[in-house]
Ligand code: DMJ
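The chain below stands alone, shown as structure tokens; this is the form predicted alone.
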Amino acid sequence: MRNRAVAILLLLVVLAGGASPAPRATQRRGRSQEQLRVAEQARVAEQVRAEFLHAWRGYERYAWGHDALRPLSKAPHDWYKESLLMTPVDALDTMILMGLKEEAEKTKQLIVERLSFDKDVSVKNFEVTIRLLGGLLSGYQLTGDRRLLALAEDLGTRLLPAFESPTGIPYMYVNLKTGAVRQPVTNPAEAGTLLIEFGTLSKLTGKPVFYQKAKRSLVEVYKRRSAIGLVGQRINVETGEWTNRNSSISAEIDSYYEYLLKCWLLFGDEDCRRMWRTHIRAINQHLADDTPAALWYGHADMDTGRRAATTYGALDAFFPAVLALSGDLRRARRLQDSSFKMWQLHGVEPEELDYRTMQVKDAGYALRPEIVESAYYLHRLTGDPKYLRMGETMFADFVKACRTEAGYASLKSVVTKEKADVMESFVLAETFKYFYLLHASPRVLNFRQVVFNTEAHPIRKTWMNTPPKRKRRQA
């Protein structure tokens, strides 16, 4: 009887939590595992930072003051007859986020002392907007140096003549000095990937013309969508007629969709939200190839939705990030798995893959960031460590295949790993930045308080009005 009473008393103690050494041990192990995970992330982030510095040192040594470095010949390269400091402007905010204070200050001084847009050169409106205008605006927000904002306003003003077409959709090229325009055939990406930059410039300067011009261009492209809600690949800005009716989420269309969603989030623009919702329904209905085995997005005729090609590539790999940002985590996860499968075929992703046959159609690799960007978004929105492991694998492959003595080189072929003498500025603006942010502490940059432009320049809403909340669906 006494033994039974003792047994009952012990049971009551256990049920009351009096005997809990095992849970405490589990908690200690849990804390230890978490500490190991954080330490491993910090190690990878520091490795990314070191490799960024390696590429930057190559630019400093062989191409300082020019637009870009040729990493194999160790020579400078300029886009036009005069440098626009493409790489320094593009790389500035990456340095700031990485805590490279000396490099960032030296780069900022180069920009404010030597960058001038008073040049008789005809520039590509889209590329100059996302790289230079976006970089200057982000640099201004991160440093508070109003000289960067003054440069941004000067550039934005010089780009405005591009929008003076009969439709309001901008010409592809504009002369920075004379305002002369050329190339009336453009595409939705180049016409619709301008509002984050021009809209931010408008908000920061108090001049609505910048927002109005870029917003009209976006709307005019949208107005010319097909009856089933898709846009084509090329459009004439003078007639408003489509010259290529192929539809996809790929090159020449991609970031048009991205900016519809992001401009709603950044500016609270309900027109952008409505346009995004119209398009995403059509995209999922007509461009998605959704099977039990995998999710891909292909090409289709914009009018009929008939499948035109089963190709997907490095540029398409931005779409998991956009899906995740829109709240569609289920599709985002599945599409990122497909993108990573494409990467793993040859240890680096190709420019284009036929996902039906899994044969490479274009074997080049331009050091693109999109797949890393999507891993970053998914990790921040889901907390799933699988995206850290994915990023670590991709970064090791990236270094192994693309590192050179002077920097990083594009690949002519992901199959043979033969290098090309090209290191675009976006490698420093985007690819290294997303690798770093994926593994760095979230305190480096509050993901939920910025909107990245398509060149990965983070923009903060420092003006009035609260942005809409990002809705999330279950993973």
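Quick caveat: nothing in here was measured; it's all calculated off a predicted structure. In this text, residue numbers run from 1 along the sequence as written.
In what follows, reference is made to the form predicted in complex with ligand DMJ, a form of this protein that is not presented.
Chemist: Counting only heavy atoms and a 4.5 Å cut-off, does ligand DMJ in the predicted complex sit next to every one of 250, 297 and 352?
Modeler: Zero of three within 4.5 Å in the predicted complex.
Chemist: Though ligand DMJ is not shown, can you say which of 94, 255, 129, 339 has a heavy atom within 4.5 Å of it in the predicted complex?
Modeler: Spelling it out, the residue with a heavy atom inside the cut-off is 255.
Chemist: Pick from 368, 286, 346, 215: which residue has any heavy atom within 4.5 angstroms of ligand DMJ in the predicted complex?
Modeler: None of the other options qualify; the answer is 368.
Chemist: Given that the partner is absent here, does residue 315 sit within 4.5 Å of ligand DMJ in the predicted complex, heavy atoms only?
Modeler: Residue 315 belongs to the contact set for ligand DMJ.
Chemist: Look up in the predicted complex whether residue 67 has a non-hydrogen atom within 4.5 angstroms of ligand DMJ, and give yes or no.
Modeler: So residue 67 does not count as contacting ligand DMJ.
Chemist: Any of the heavy atoms of residue 51 lying within 4.5 Å of ligand DMJ in the predicted complex?
Modeler: Residue 51: no contact with ligand DMJ in the predicted complex.
Chemist: May I ask you to check whether residue 56 falls inside a 4.5 Å heavy atom distance of ligand DMJ in the predicted complex?
Modeler: No.
Chemist: Just one of 197-205, 130-138, 100-108, 400-408 has residues with a heavy atom within 4.5 Å of ligand DMJ in the predicted complex, so point it out.
Modeler: That would be stretch 130-138.
Chemist: Along 424-460, which positions have a non-hydrogen atom within 4.5 Å of ligand DMJ in the predicted complex?
Modeler: Those in contact are 426, 430, 454, 455.
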